[in-house]
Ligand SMILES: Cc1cc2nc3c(=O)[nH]c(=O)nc-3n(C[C@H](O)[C@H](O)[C@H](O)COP(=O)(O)OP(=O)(O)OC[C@H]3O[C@@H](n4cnc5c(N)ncnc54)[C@H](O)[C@@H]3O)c2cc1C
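As structure tokens, one chain now follows by itself in the form predicted alone.
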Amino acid sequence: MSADPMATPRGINGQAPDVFHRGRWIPMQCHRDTDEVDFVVVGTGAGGGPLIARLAEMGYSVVGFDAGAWFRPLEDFASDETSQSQLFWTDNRLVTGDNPIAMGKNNSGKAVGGSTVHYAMVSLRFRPDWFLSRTKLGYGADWPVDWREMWRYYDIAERDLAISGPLTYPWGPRRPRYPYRAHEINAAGEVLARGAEAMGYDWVETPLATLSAPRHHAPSCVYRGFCRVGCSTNAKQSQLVTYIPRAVKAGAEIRDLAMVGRVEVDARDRATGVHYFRNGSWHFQRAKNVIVAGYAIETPRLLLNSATPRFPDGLSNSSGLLGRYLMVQSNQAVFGVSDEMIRWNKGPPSMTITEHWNYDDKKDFFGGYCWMSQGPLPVEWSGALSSGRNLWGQALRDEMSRYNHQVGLKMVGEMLPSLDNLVTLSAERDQYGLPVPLISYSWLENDKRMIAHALDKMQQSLESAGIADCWRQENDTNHLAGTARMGFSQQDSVVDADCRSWDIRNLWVCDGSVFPTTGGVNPSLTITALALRTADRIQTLHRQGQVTI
């Protein structure tokens, strides 16, 4: 085990951790704070990671900041659920509303690589109609980007992340074959397949960002099942082992354990750099352009906290919409018990999927959802039993003894945007002296109808597959989106179609916060595709003289 990565920065003195070899280092270009770099990128997750890599590969000088540690998976990651909570963003956050969001492991990451270090690797494309959900489907808001352009960037993202997927995908337009073959499905995945076939729904192996064959220095997945608390073999293709090494190789600098607290703006309404906390004190990095990729909570928090006399309500907030239209995805589940031995923790947690209800519009609610097979680890499962069924003591021990026979289905559903679901700043201060975010969330009636529909269908599916003792986990949510939405005008949005602030033209936002709607599938692949597109758009605008470098 190497020195504590959460105590001392590793990206310093011209070197960075070599995540593919124990104890080794790789050279990394480092800048002085007084250097005016071309781009500062705040956040290194699904949005920031690809942006840093692509901008550096285009020849721009780039410094990426992350508040979390720079882990070496081969040395730092243990097969221990509790220990691996080090990957989650567990700083204090205040939650309120009719349905307060449980913050932490499901929706926030604090590490170089962001949430992708502990995500479930599910890599799905948005249905084309979702980019025009207001015009074509009658709800939410249209995106200012064309689905065909996004699908071209999905192709690139799937190659970059070496997605393992089925030979053909039964929903949506035709797409290229996935770069890697699908993984062999486990018994939990087979139960989903039996239930779906009994109900007449298509199903497939879930497209996953974990290797089904070796790639460069990374081995194929060995199905140990710890994907959602950090992969210790590097089979998982997170930003930490894909775009971040590319970025460093191309000349970018990554600063770990560096919390950005404020974007500075001059009298000409131009961002000039960022204030960040590292090694016990505050510093200021100069930059010609600032890109914020902190995700749906930290992005509005940073911009709101960067208010000036010229922008008293925060940066890029002339519309009054910064922090608003926060969205989550519904993540309810149905679980039961099989007579057969399942061992659902063997393999990635979501090995099969049906997207049937994302492509069937004959429903009494807007939006859609998919469901996937499940494989929670024991500590997580005991928590679900305690909170979902109120089991404690001997009753909990008895139920845990059936762990290897448990099976379940979990939805990822599209909750609709609401002006009243929002992120603001509270009066409380955190360990950096920054205002703690206040997060307010309430489900809409449409959300409740969709969840009820999904729970009924998932239970029917499990029972059709011969699963007994079914029960429902009814209050779970995951995946954040919104709070800095992209749009068509300065009045209806925070950023334009290029993820560029309407108000401050050398300020950009590129993460899930720009989503006008959130779709009924996991969002990470769409965030990555959008980041790749944004890098290309920046280069094009620079060549046209519309971006100052």
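Numbers for residues come from their place in the sequence shown, where the first is 1. Everything numeric here is computed off the predicted structure, so don't read it as measured data.
Note that the form predicted together with the ligand isn't included here; everything after this is about it.
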The single option of Val334, Ile467, Ala111, Ile254 touching the ligand in the predicted bound form, heavy atom within 4.5 Å: Ala111
Option touching the ligand, based on a heavy atom within 4.5 Å in the predicted bound form, out of Phe39, Trp508, Trp70, Phe65: Phe65
Option from 121 to 129, 459 to 467, 163 to 171, 146 to 154 whose residues, in the predicted bound form, bring a heavy atom within 4.5 Å of the ligand: 121 to 129
is_contact(Ile527, the ligand) in the predicted bound form, heavy atom dist at most 4.5 Å: yes
4.5 Å heavy atom contact, Trp89 to the ligand in the predicted bound form: yes
Heavy atom of Ala293 within 4.5 Å of the ligand in the predicted bound form: yes
Non-hydrogen atom contact His405 with the ligand in the predicted bound form at 4.5 angstroms: no
Whether Thr116, Arg228 and Met259 all lie within 4.5 angstroms of the ligand in the predicted bound form by heavy atom: yes
Partner contacts for 14 to 48, taking the ligand in the predicted bound form and a 4.5 Å heavy atom cut-off: Val42, Gly43, Thr44, Gly45, Ala46, Gly47, Gly48
